[in-house]
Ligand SMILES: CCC(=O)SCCNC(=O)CCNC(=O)[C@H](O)C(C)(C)COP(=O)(O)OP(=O)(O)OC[C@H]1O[C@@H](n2cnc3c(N)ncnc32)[C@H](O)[C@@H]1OP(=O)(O)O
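Shown next as structure tokens: one chain only, the form predicted alone.
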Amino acid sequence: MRTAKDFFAPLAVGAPAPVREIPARPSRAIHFFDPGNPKMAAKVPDMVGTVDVLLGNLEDAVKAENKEIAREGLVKIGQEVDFGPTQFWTRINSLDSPWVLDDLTTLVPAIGDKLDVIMVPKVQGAEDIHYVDRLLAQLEAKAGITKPILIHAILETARGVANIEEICAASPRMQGLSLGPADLAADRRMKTTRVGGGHPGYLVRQDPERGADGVPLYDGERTTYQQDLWHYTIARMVDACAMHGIYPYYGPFGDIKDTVACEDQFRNAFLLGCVGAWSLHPVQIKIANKVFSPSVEDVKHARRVIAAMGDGTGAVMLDGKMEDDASVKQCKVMVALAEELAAIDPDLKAKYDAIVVD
């Protein structure tokens, strides 16, 4: 175990000093693209500025025979594209794969000065983060990288969820966590083949009505309510991230055409504390940008509460509801997010600037 003093010391001579606080950069949508697919790669420059994060994927969805092509394509994109306000991430191959070492030793020297975050799949425990952390420091030092590349872990195994606090605390590089529902479902032996979202079989049923004799009518019509398979995991992920000053994300929603259910799932994650979600298709970027941006109504209410509370102590009645110091803390979260988004999104800035607090 490293001491507190050593935690923020570089892990290699000449490596950049570790960050002491993860920047609060908006990342409503992490849009995945295959850098080895010429059509997808050609669209990347035009997507800059339209999405908070562009992620070149090297892992799942890239065939084994295309791994090197995808890696080479990512290097080319990183060297040629000016990402401006958009963050540039990559998802490397899993740590037990034959490709991951080449991923890191190729990408860091070639485009390490462009990469903001490296996403590590199937993280089992702190030891996985320690391995990547040390290797990144060595590669950064050798390449003369002056800004440390951050690490993002995907929760895709039961062991990873069980070790979630240790993973979050494993390195100053830790930027956040994402839920990986498909692999996690398989590892848990969950009986679903869906990629994220709910399941019609995971439900509760309304109690039966009773007849005139007081006997329950078990065969009568009864309303059912679908539950969220991922509520526990997301809530645990949010708590662990909040505790360690990093950021939680919802992962993929596999049914691209079901935009209504996708928006519902993203909103559940937003309300629970997630800051963004994965996008597998441009239509999901629009959904994520909408859901993970506070509404004008919410921002207006938050500003009203903050203004009415003055120094933030005591309590006031506003629209028939009691607001106190806890309310102010909640509202400051909303306002702070709105200000961060307004700094990068001109349309949102115009909407938020037009708010009049009465």
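Keep in mind it's a predicted model, so treat the numbers as computed, not measured. We number the residues from 1 along the sequence you see.
This next part talks about the form predicted in complex with the ligand, which is not shown.
Engineer: With the partner left out here, if you bring back the ligand in the predicted complex, are 9, 144 and 173 all within 4.5 Å of it by some heavy atom?
Structural biologist: No, none of the three is in contact.
Engineer: Heavy atoms within 4.5 Å of the ligand in the predicted complex: which stretch in 314-322, 301-309, 60-68, 327-335 meets that?
Structural biologist: Partner-contacting stretch among the options: 60-68.
Engineer: Could you tell me which one of 252, 73, 198, 112 places a heavy atom within 4.5 Å of the ligand in the predicted complex?
Structural biologist: Contact with the ligand in the predicted complex is made by 252 alone.
Engineer: Pick from 273, 208, 85, 282: which residue has any heavy atom within 4.5 angstroms of the ligand in the predicted complex?
Structural biologist: Of the listed residues, the single hit is 282.
Engineer: Any of the heavy atoms of residue 182 lying within 4.5 Å of the ligand in the predicted complex?
Structural biologist: Close contact exists here: in the predicted complex, residue 182 approaches the ligand to within 4.5 Å, heavy atoms only.
Engineer: Report whether the minimum heavy atom distance between residue 48 and the ligand in the predicted complex is within 4.5 Å.
Structural biologist: Because no heavy atom of residue 48 falls inside 4.5 Å of the ligand in the predicted complex, the answer is no.
Engineer: If we define contact as a non-hydrogen atom of the residue within 4.5 angstroms of the partner, is residue 40 a contact of the ligand in the predicted complex?
Structural biologist: Flag for residue 40 set to yes.
Engineer: Taking heavy atoms and a 4.5 Å cut-off, does residue 91 contact the ligand in the predicted complex?
Structural biologist: Residue-level check for residue 91: yes, a contact with the ligand.
Engineer: Sequence order please: the residues of 318-356 with a heavy atom within 4.5 Å of the ligand in the predicted complex.
Structural biologist: Stretch hits: zero.
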